[in-house]
Structures are given as C-alpha cells and as structure tokens.
Ligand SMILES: Nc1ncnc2c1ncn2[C@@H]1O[C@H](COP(=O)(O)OP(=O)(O)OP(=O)(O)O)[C@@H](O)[C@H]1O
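Coming up is one lone chain in structure tokens, specifically the form predicted alone.
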Amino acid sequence: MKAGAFDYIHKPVNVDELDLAIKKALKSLEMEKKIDGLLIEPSRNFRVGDIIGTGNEMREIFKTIGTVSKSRTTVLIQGESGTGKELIAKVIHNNTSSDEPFIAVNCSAIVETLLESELFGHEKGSFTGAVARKLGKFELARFGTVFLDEISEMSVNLQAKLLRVLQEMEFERVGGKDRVKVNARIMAATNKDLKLMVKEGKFRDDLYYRLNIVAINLPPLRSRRQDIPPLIDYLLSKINLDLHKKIIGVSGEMMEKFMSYAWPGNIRELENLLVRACVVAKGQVLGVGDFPELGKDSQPIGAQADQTTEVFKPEEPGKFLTLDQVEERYIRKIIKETDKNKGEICETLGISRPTFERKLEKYGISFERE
C-alpha cells in the first residue's frame, strides 16, 4: 500500500470483492486522468521542450535553437537573471546529444584557483591537497556539453586558457604535461553585456568572438507579458506534480497584478512566487491573499520606472551622471529602501555575490545585513 497499491484482498479470493475493488480502482484512475488533463496539458504555443513563448522574439529563438541543435557549434546565451538561460542550453543539448552528460559550471561561485582545476582537472601532487588525479569538467562531459554560466565573472587569466581550449580543442591538466582532447560542446551564458565589457577592457575580445559564434538573447519577462498566462499554466502544472497539489489557476484580479508587475527577477521570480502560494493555498484558485509579496505595496511597471528615474537625475541641470555614479546611487537606493539581504539584492541586480562585494568596496558602501 505504501508503494502505491490501490487496495488489497485476502486469500482465498472472493470474486465479488475483487470485482468491486477493480471497479473502484478504474473509477479512481478515470478521475485522476480528468484532473491531470486540466493540470498537465496547458496551452503551449511555439514551445521547444519546456520553453514557453508566443511573440516574434521567442519564435526567432526557437528557430535558432533548431538550427544550432543540428551542429555542435559554440553558443553564447545572454539575458537577465531568471530568464531561463540554462534551460535554453539544456534544450539545445538534449536535441543534440541527449545520451551524453550536461555539466553546468557557475564561474562566479568558484574561486579562480579552484575553477581551473574544476574545468581542466589536475594531476596528483600538482598543488597542496591534490592527493590523486582528478578529471575536469571538459573530460567528464565526454561528447556532451559544458555549460559555463556567469562567464563574465571569469578572471582574465582563465579567459586566456579557455580561449586556447576553444582554438585548439585540447588542454593540459593542472600540473600535467599530456594534452587532452576536448570532445564536449561549449555553451556560455551571462547576464552582462559582454560587448560593453570588451570595450571597457574587462573581457577579452578574442574570447568574446570565439564564444559569440551563435548568440541567443533572451528578452526579459516584462517585455513579453503576453507569455505570462501560459507560463503560469505551465508552472502550475509542474508545481502540482511536485507538491501533489490541484491548483487550477489564478483569479482574474491576481492575473491583472501579474500582467502589470515589472518582474525584476523574471521567470524565476514568477515560479518562486507560485511555489510559495501553492504551499499555503487553501483553495484551487490562487487569489490576491495568496501573494502578500504583490499586495498593496506592489507597483506596476510605470510606477517603478518613475521611482527609478530619481536615481538618474544629476545634481546640476544640463549635466549627466557617469555610469559609476548611477550604479552607486541605485545600489544605495535598494539597500536603503528595502529589507533585502545580500543574496536577494544580488538577484535583483542580476549580479553574483563576489561582484556585489567588489562594488560595495568600490563605492565605500557599508552593508552588514544578512
């Protein structure tokens, strides 16, 4: 019964009792199928795998995915945090080499000294603590995919080594001499403007051009609000399966709030809000009361834009602020006017924790809230 059996019958078997149990099981199965039909099969237009999109931008992205899935060329995926960059990479991988490993590496979450070993592996005794040979991600991926997330956070030193890998399709383990051939496909993602970083001297131009063979630029959720209803349907079907819930949808009033909200965290924020609401929901339709985060204090796109423009106002008429001045003002504003901790602020800004720490130090901002 714990494993999922519907019922049990004692021996010797009573035929009438068996017949009744089978009828009950079939009726229960029929009801489950009807519910699943409502929850698991929402309307999905122009989707590839689990990607939801109906606008022209998303249609072009679907075409690009179909094209690059037929080859093993390098792909650069750009977009704000929470727009689904890793999902795009996984779809391309599954359409190209689904039987091989997909290995994601967050370049901002690993310190430089360890990231090199993570990517390329190391030989025994190559550094303190290297007690045995370790294979890196490029070897472990075999003929699959290495997905380099937050590529903009990679140090200049490692950028040079990655460039060599892309050029020669081989590398050496840390502390080793033997050359190892790269068979994996390389995809990278960033929430930064790499082209601008190249102009500012913060990212190697030759590596940028090597990565940017095929570029996919994901639009933020606020610029494709027509996708919010089908996204909600899809996410609710997924959440229902994970949490064993039977949430059918959201109320009309709540949908209006969703459609006017700016979604700084994009699809990830939408999913997190829906998960929290489903956990505490008492009914099958989610209403305003299930989303306290988007209650009276939430603001539509226009109101948030008006508030944000205060950051860009120069102290003297006719003059303009530098990018650093705007960035500093914006960071100080978020810290001052919200109760967010460092992790939440990093998600709002679309930057990694190490980058946020560097900006605090750069602008002399004291921030100890956790």
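These numbers come from a predicted model, not from an experiment. Residue numbers here begin at 1 and follow the sequence given.
There is another form of this protein, the form predicted together with the named molecule, and it is not shown here; the text below is about that form.
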Choose from 233-241, 256-264, 173-181, 119-127 the stretch whose residues reach within 4.5 Å of the named molecule in the predicted bound form, heavy atoms counted. 233-241
Can you work out which of 293, 86, 206, 112 has a heavy atom no more than 4.5 Å from the named molecule in the predicted bound form? 86
Of 97, 81, 159, 108, which residue is found within 4.5 angstroms of the named molecule in the predicted bound form when only non-hydrogen atoms are counted? 81
Is residue 268 close to the named molecule in the predicted bound form, meaning a heavy atom pair under 4.5 Å apart or at it? yes
Does the named molecule come within 4.5 Å of any heavy atom of residue 61 in the predicted bound form? no
Would residue 191 sit within 4.5 Å of the named molecule in the predicted bound form, counting heavy atoms only? yes
Test of understanding: in the predicted bound form, would residue 65 fall inside 4.5 Å of the named molecule by heavy atoms? no
